[in-house]
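Single chain ahead, by itself, as structure tokens, in the form predicted alone.
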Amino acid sequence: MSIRYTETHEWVRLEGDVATVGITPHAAEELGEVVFAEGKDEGLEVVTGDVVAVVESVKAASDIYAPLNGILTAFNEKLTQDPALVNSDPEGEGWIVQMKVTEPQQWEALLTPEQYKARHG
């Protein structure tokens, strides 16, 4: 299991052809207390950069972007009851969407943990 990052502060964990996507701890901290999260419809085909979810905090609303091309397969339903999971465990229980990746070669274009840390601390 490995993890990569986007310039727009999403993290991606790829297991087989299933990608789990959330926002980075840095983004969660910048966003502030998350009070609402909503994903796009399961089965929606997306390309890199499409909006796949929205999270709202006490500060602002933020779009969550597809890091890879694929088909949305799940929204983390735990977030409907406890959206603050995005803050308390952003790279664990606070994941936001899962998708079936259709172009796995795009993985190589994402930032490695070292590259993300060098750019965003």
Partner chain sequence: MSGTLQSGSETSGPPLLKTPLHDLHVSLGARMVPFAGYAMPVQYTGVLEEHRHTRAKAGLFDVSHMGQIRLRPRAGHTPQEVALAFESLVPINVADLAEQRQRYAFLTDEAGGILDDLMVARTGDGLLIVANAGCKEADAERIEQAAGDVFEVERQFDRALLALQGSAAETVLAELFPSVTDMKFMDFREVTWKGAPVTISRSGYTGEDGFEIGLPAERAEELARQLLAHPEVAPIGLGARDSLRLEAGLCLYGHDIEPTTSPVEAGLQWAIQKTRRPGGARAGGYPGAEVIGRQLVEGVARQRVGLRPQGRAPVREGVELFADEQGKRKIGCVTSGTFAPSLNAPVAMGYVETGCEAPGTRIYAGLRGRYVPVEICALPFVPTRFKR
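Positions refer to the first chain, counted from 1. Since this is a predicted model, take the numbers as computed values, not measurements.
Keep in mind that the form predicted together with the partner chain is missing from the display, and what follows is about it.
Subject >> in the predicted bound form, A19 touching the partner chain (heavy atom, 4.5 Å) >> reply: No, A19 is distant from the partner.
Original post:
Closest heavy atom of T8 to the partner chain in the predicted bound form, within 4.5 Å or not?
Top reply: Within the cut-off, so yes.
**OP:** Give a yes or no for L72: in the predicted bound form, does one of its heavy atoms lie within 4.5 Å of a heavy atom belonging to the partner chain?
**Re:** So L72 does not count as contacting the partner chain.
Original post:
With a 4.5 Å heavy atom cut-off, would you call D63 a contact of the partner chain in the predicted bound form?
Top reply: Although the partner chain is absent here, D63 would touch it in the predicted bound form, with heavy atoms inside 4.5 Å.
Original post:
Which of these residues, E45, D50, E33, E91, gets a heavy atom within 4.5 Å of the partner chain in the predicted bound form?
Top reply: Flagged contact: E33.
Subject >> Residues I23, E29 and V54 all lining the partner chain in the predicted bound form, heavy atom within 4.5 Å >> reply: Checking in the predicted bound form: I23, E29 and V54 are all within 4.5 Å of the partner chain.
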